[in-house]
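Just one chain is shown here, as structure tokens, and it is the form predicted on its own.
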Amino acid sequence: MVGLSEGEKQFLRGGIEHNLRADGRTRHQFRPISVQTAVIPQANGSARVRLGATEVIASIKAELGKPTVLHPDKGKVSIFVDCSPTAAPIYEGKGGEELSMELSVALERCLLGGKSGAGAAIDLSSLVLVEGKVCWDLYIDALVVSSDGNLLDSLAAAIKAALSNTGLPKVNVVLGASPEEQPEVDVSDEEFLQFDTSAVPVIVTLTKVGKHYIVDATSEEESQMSSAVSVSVNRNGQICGLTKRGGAGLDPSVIYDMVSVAKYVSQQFISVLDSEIAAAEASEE
């Protein structure tokens, strides 16, 4: 928890009130972002994202598996977040475990939709090779290296960058003589298919401080929040997921306004993130 004096709290709240935050940003402005891809050679895809002083790493590991009986036409994706104890003192012990679980659940809710996969921002059907028989299982692991607020948005950006860096090996499938037989698979070591991230959204978190809400809140700003709403939005402006934290209730009209702001801000953020990802991938070549 960030400890602020009464004077610091008034300064922070006053800046937000007058649309000039402590670091010079307006209420709806993100901090500078930088992206580095292919940071973990053993993974199918990986990326490091820095958003201000917040730094996170995401990696993608792809393995062949079998679709579930309930969803034979969908692959499987799991997301796990780990908060390094060196990122902030509060992450040591149980505090880090609870936050890791909270972030993992929020990311799954915003990126994977419901338990059925309905509304998933990541197209699970694209991971199926043979319906009911063979699919890709994607394991997304993320690490919080340094924390200065807005972890959820940073993690989602890192996952999007890591997925854009992900190559899935080309698989040749030979079906068995009978429908009951498991197909034979031949996984290429040389040919890879790029993962399509065109529909993968970003997450924009609106943090309410006093009467106003801000994007990309720092740790100090988050210490003064009453509630926060995180909205995942794709490049078409479609809402893919929404989650709220904080005990204070919000009027439906306020939530509607927050979602509208998130949709507007997300398009700017996607444009900047796409440029950073492209520059990172170009530097690899």
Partner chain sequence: MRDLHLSLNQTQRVRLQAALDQLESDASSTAAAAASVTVADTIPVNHEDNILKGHGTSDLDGQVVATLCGVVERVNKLVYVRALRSRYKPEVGDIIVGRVIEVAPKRWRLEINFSQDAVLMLSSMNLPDGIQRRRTAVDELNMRSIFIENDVICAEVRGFQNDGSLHLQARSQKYGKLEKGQLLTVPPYLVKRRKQHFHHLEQYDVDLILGCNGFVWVGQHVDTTAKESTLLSDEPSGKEETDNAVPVETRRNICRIANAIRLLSVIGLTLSVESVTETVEESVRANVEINEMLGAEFYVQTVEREAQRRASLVRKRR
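Residue numbers count along the first chain shown, from 1. Since this is a predicted model, take the numbers as computed values, not measurements.
Just so you know, the form predicted together with the partner chain exists too; it's not on screen, but the next bit is about it.
Considering the partner chain in the model of the complex, the lone stretch of 256 to 264, 38 to 46, 23 to 31, 235 to 243 in range is 23 to 31 [heavy atom distance within 4.5 Å]. Of the heavy atoms in Gln10, some are within 4.5 Å of the partner chain in the model of the complex. Within 4.5 Å of some heavy atom of the partner chain in the model of the complex lies at least one heavy atom of Ser147. Using a 4.5 Å cutoff between non-hydrogen atoms, Leu70 does not count as a contact of the partner chain in the model of the complex. Using a 4.5 angstroms limit between non-hydrogen atoms, Ala248 is distant from the partner chain in the model of the complex.
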